[in-house]
Every structure is written in C-alpha cells, then in structure tokens.
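The chain below stands alone, shown as structure tokens; this is the form predicted alone.
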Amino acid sequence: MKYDIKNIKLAKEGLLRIEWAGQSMPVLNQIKQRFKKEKPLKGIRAAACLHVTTETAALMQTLKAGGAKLALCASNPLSTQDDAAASLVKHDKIPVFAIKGEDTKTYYRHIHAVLDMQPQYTMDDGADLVSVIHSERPEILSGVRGGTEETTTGIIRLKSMAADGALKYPIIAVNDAQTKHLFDNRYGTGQSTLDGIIRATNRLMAGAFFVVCGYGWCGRGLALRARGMGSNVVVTEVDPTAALEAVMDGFTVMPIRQAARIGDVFCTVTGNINVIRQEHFKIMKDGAIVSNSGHFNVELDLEGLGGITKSKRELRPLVVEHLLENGRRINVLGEGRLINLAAAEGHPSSVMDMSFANQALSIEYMVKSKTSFENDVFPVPEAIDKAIAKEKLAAMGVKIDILTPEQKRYLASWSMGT
C-alpha cells in the first residue's frame, strides 16, 4: 500500500485521539454499525480531499466499514493531524497522503496520488480535487459517477463550474445541508477559530477590538464567540442583508478601511479574495493580529503585505511578525491559512458528527440511487437532513413533539382558515 505521511510511529497516539473523537460522534457511529452489516458501498472507489483530522478518520472508518476502497489526501497544507494520518495507515490500512506543513508542490502531488486510484466518487473540501480532475486528469472523468463537497468555498467554485457548463459529473452540496452549515459553520467555526487564535497568541480577548470580516454562518459563529470572550466585535460586510442582520444582532458594522484603524485582532471568513489588502495593512495599529478562517489563504493579500514589509521574523510557532516600512508591526497567524486547523484542532467532534453523517449518507444515496443525475450541484435530500437531526437529538436525550393527525390535515389544507 502506498502512502505518504510524516511518521508511522505516531499511529498509537492517533488511535487514542480518534477513539476520543468518536465518543462524541454517535450519529456517525450508528451509521458505521449499519454499514458494517449492509455493506452499501461494497466495491466502490472513493477519493477524498479533506482536512486529515481525527474526525475525518472516523468518517473514513465508516466508509470502509460500508465496503468502500478509499484514498485520502489533505485539503489544506496546514490542517493535517499527523498522528491521525499515521493511525489510518497502520490500523485501518487506508492510503493517506498528507503531511502537516507540506509545500504547495507536495500538496498537489498528494492530490494526484489519490486520483491514481481511478475514483468513482470524490469527497472534497474546497473543490481542489474536482478542479485537478477537470484541468489535469480529464482521463479520469469517464469513470467518475458523482461526488460531495464539504465547504462554502467549494460550493461557490462548483456552482460556477456548473453555470459555465464545465462540471462533468454531479456533486451533492453537503455544506448546504441544514445539519451542516447551521451547526458546523456556526458553532464549529466559531469555537475552533477563537481557540486557534488564542492558542497561537495567548492574548487576552476581553476588551480587544475584534474584527470579523464576513457575516455568513461562520462569521456569525465567530462574532458570537468573540463577544462571549468580552471582545468589542466589529463586523465588515458587502451584503446589505447580512450587514443589517449583524447590526440587529448587536454588532458594530463598518467598512474594512474604517475597521482597520481600530482593530486589535482581525479574522476573515468570507470565501473571497483579498479581503484585507495592502492599503488596510498600512493603517493598522502597531501589533495588530491578522488571521483567516476561510478555506483558502487568499482572503489576506499577503503579497501586498510583503511589498510593504521591511523585515519579518517568527516570534512564536505560527506567528510571523511583519515590520512595515512605517515602523508598525503586523502579526500574521498560520501563514494566513485556516487558523482553527493550523493552530488548533478544527471543529469539535460533536458538530463534525452531523457534517460527516451527511457525507456518508450522501455517498450512499448516490451509490444506491437509480436517478440519472445531471452534471450539476444538488442539495442533500431533505429526508437525510431531517433523519440526521432526529438522530442527533436522540443521542443528546432530547425529545420533541410530533404533529397530530388534525394538525397534519390543517397544514395540508387551503380551505381551513380562521
């Protein structure tokens, strides 16, 4: 079996951490037990480009239990947990191609390595796997039946491909499931991003001006958690509805140029390019902390920052101080990559339980479906979304009401008014 990881000797530590994560993933565990019996994925080949974490390891174990042949690579150069990668290779015999801190050349070599298995299904987080197949490995396309996408950034890219007629196989947008983005993006990103910033800097958040760029579900969660730590939270937005919501949620909203002058800590969560640019770095406070929790590091104009940097040095692991020509210092965290995975451990396993349940059930749905999918981006079936929510509530010991027959008739009727 081919693989490329940091150190196979980390497998024992990884095994224990995967077990710990699994204790908070009851929905995925239930799916795994069913998959062991039914083998709904028997014989299929699936290539995954995901953050290689303990939670992802639990997903890989579930898919293998269902009979799938797998290969896994990282969807971000800094997000890999090397011990989890080692455990998957040694204990689960799953080929993994991921090393924390790998350079760009290695990152894409690893993507090609998983594609060498000639996958029938793809599982992506950011759409790099899909992009490479279409642009560099078109000979694979004829054998690919479908795929899934985990994150907002990837969905944006894939919908653009579909609109241009460039997408050559169907994708299920796992990110758009309610049991994914309403929880993973908001509660997972909110907590893990703040965790990463604090681990990297050990700075006090109380009293600081914390600038959140973007008020989507990730931005909502981060703003909420930063306020909980006592920060003065400022939100920047380009969408008037999102900005209005942020105002009514009690946050201060202003343009990034204005926020750049007062912020102590900045974090981008937009999915867009060059959100914080050279002109913003120039006017930041001395000692400002800049980070990103959007999928790609392009949200920060690091090239523009380099153009006004006199010198730089690494003060702490994952903290690089840029001394600007104007004498001010700007601290960039984690090379501008996902700070919640670069400096912390990513989302808590409890929320990834629902996200990866969506992944597992969506792959099963595509394998079993007799429907002929068009080459487009599709939502997770509502029945799957609701079933995951129901199982999560049951695992938490929470019960809810059910509609009476009379209530069902009322909701289905147009004639029963006041």
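So that there is no doubt, residue numbering starts at 1 and follows the sequence shown. Just so it is clear, the model here is predicted, and its values are computed rather than measured.
Note that the form predicted in complex with a small molecule isn't included here; everything after this is about it.
Q | in the model of the complex, the one of I330, V130, L341, I155 near the small molecule [non-hydrogen atom within 4.5 angstroms] | A | None of the other options qualify; the answer is L341.
Q) Among H110, H347, R337, H181, which has at least one heavy atom within 4.5 Å of the small molecule in the model of the complex? A) Selected option: H347.
**Q.** Non-hydrogen atom within 4.5 angstroms of the small molecule in the model of the complex for each of H51, E55 and M352
**A.** Verified in the model of the complex; spot residues all in contact, yes.
Q) Based on heavy atom distances of at most 4.5 Å to the small molecule in the model of the complex, which listed stretch, 366-374, 33-41, 379-387, 352-360, is the contact stretch? A) Every other range fails; the passing one is 352-360.
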